[in-house]
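A single chain comes next, written as structure tokens; it is the form predicted on its own.
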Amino acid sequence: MDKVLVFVEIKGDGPRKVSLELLCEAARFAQNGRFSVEAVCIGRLPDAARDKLLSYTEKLVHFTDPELAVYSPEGYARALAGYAREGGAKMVIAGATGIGRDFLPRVAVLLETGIASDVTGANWLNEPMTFVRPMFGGKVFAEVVFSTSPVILTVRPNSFAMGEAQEKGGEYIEKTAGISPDTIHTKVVRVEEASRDTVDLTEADLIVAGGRGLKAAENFNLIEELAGAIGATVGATRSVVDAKWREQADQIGKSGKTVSPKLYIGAGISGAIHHIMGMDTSKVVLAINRDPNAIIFNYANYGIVGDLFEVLPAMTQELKKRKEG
């Protein structure tokens, strides 16, 4: 039986949503008996996160080396690659988050294999298995096949559906990777993260994003009100962030965050390629722009040609009315 390792990333007191999505998807494709699945956590693991993970996996392996208490790409890569090699893992999967994108390529180098990044679909039962990833700003979807093992993947959040937690908890194992301090050359000195009440953009199911068409920072209240009405997270284009209208954490695009929500509403966004590259795998896109020739309409499932200063308040009012009714 081939072993599959799912790297679990911890954020705050719990596992990231994408990690649970991957565990659920791995459990589904393992039902045919060809694969066994293990969750792997490195470094800090709060009790609440551990208990939650054990309801989504048959086995949770936790590396507790003191050198791994704080994230470092070298330390994490050596720990995960060493365990994959030791157990003869055929596949290593992680979310395409900042951390996943940072250290999974190092794992591939250590294991002398390839990596498919930003995967959005997979044919697990094909022989050989094939994986789908967007290229050129979503204009092309490539089908990737590996000629060697293990297979290394980073998967975009929201690419696979969440499943139900198990009633019976899985097995919990603590291990040490034997990481030597002199092998870790990059160390995190301090982490400063602003407190945010909304869901992280990369894991949000609903996003309302605004562009330069809003004309001024104070007009983003139109975006925030619509987002509040449907429980969405607010996003922004690079030009908006460059203009200091929004924080960099809100930026969607090639130089910002990559998102794959169930619904993406973009208002006052022209559709520059560097923005499209960050949201091209959204399940449903609704574009609002007064220019009927705006590029973003080429990527939208639905489009509203009109003045966003009229459209957004009307949408918000109607949604609130339906919600109250």
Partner chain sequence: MDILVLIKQVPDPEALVEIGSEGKDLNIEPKFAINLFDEYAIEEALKIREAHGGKVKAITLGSAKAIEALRTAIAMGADEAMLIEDEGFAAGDGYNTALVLSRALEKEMFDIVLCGRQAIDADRGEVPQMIAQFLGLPHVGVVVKLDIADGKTVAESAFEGAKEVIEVALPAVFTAQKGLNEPRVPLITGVMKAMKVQIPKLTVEDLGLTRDMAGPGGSKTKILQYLPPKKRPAVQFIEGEPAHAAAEAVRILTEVERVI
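The structure presented is a predicted model; accordingly, all values stated were derived computationally and were not measured. Numbering follows the first chain given and starts at 1. Think of the rigid core as the biggest set of C-alphas that the two forms share within 1.5 Å after superposition.
What follows is about the form predicted in complex with its partner chain, which we do not show.
Relative to its partner chain in the model of the complex, residues Met1, Glu21 and Ile173 are all farther than 4.5 Å at every heavy atom. Contact with its partner chain in the model of the complex, defined as any heavy atom within 4.5 Å, is confined among 22 to 30, 59 to 67, 284 to 292, 35 to 43 to 284 to 292. Using a 4.5 Å cutoff between non-hydrogen atoms, Ala49 does not count as a contact of its partner chain in the model of the complex. Within this chain, Trp124 is remote from the site of its partner chain in the model of the complex, having no heavy atom within 4.5 Å. Heavy atoms of Ser180 never reach within 4.5 Å of its partner chain in the model of the complex, leaving it off the interface.
Of the heavy atoms in Ile115, some are within 4.5 Å of its partner chain in the model of the complex. Pro105 is the sole member of Gly228, Gly169, Pro105, Gly87 with a non-hydrogen atom within 4.5 Å of its partner chain in the model of the complex. Along 142 to 165, residues Ala142, Glu143, Val144, Val145, Phe146, Ser147, Thr148 each place a heavy atom within 4.5 Å of its partner chain in the model of the complex. For Pro292, a C-alpha deviation of 2 angstroms or more is recorded between the shown form and the other one after rigid-core alignment. Comparing the forms between the shown form and the other one on their rigid core, the Cα displacement of Leu45 stays under 2 Å.
Taking the rigid core as fixed, one finds a CA shift for Gly14 smaller than 2 Å between the shown form and the other one.
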